[in-house]
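Next comes just one chain, in structure tokens: the form predicted alone.
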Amino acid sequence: MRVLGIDPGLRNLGWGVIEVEGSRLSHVANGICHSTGKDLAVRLLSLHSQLTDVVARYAPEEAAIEQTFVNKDGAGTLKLGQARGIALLVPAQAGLVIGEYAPNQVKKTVVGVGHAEKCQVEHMVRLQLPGVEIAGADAADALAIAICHAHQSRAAGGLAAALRKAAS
């Protein structure tokens, strides 16, 4: 299974693609979509175009996106939400299954601690994807989101199998 992880942001939208084969994870690609333009609509369109290119180029089967956290700046949260809308729209247009994960869930899955620092997340991504060249902090977060999705999907698959076995 090929998973696209997305770390939404209006200026920088991180993305990372991993391949999942059983319990083995491998890096495919990662990068950052940088919005261009001054108007919000133009910036969102540029993110849409760039992310659409990523989906077309790497053909993921599933996507994972970090849930938005609300902060004190309402306008900033709203703009982040609009960028997150693009991050949800593009995989949905491609017909992908989309998982959504809270930031603490991603950190707990990848690092083992729900309030891990960014440097700890990047370190664990490097350990789980040996030899990876990470394009930046946003791309590292996106790879962590993809890794989280891979682990959560595997756990859900194991639970479903156990329930089927118990029912028979």
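In case it trips you up, residue 1 is the first one in the sequence shown, and so on. Just so you know, these numbers come straight off a predicted model, no measurement behind them.
The protein also exists as the form predicted together with another copy of the chain; that form is not presented, and the subsequent description refers to it.
S.K.: Tell me the stretch among 113 to 121, 135 to 143, 39 to 47, 24 to 32 that has any heavy atom within 4.5 angstroms of another copy of the chain in the predicted bound form.
M.R.: The contacting stretch is 39 to 47.
S.K.: Does residue 100 reach another copy of the chain in the predicted bound form, with heavy atoms at most 4.5 Å apart?
M.R.: Residue 100 belongs to the contact set for another copy of the chain.
S.K.: Please tell me whether any heavy atom belonging to residue 128 falls inside 4.5 Å of a heavy atom of another copy of the chain, as the geometry stands in the predicted bound form.
M.R.: Residue 128: no, not in contact with another copy of the chain in the predicted bound form.
S.K.: With the partner left out of view, is residue 68 within 4.5 angstroms of another copy of the chain in the predicted bound form by any non-hydrogen atom?
M.R.: Contact with another copy of the chain, yes.
S.K.: Considering only 104 to 122, what residues come within 4.5 Å of another copy of the chain in the predicted bound form, judged by heavy atoms?
M.R.: Counting only heavy atoms within 4.5 Å of another copy of the chain in the predicted bound form, no residue of 104 to 122 makes contact.
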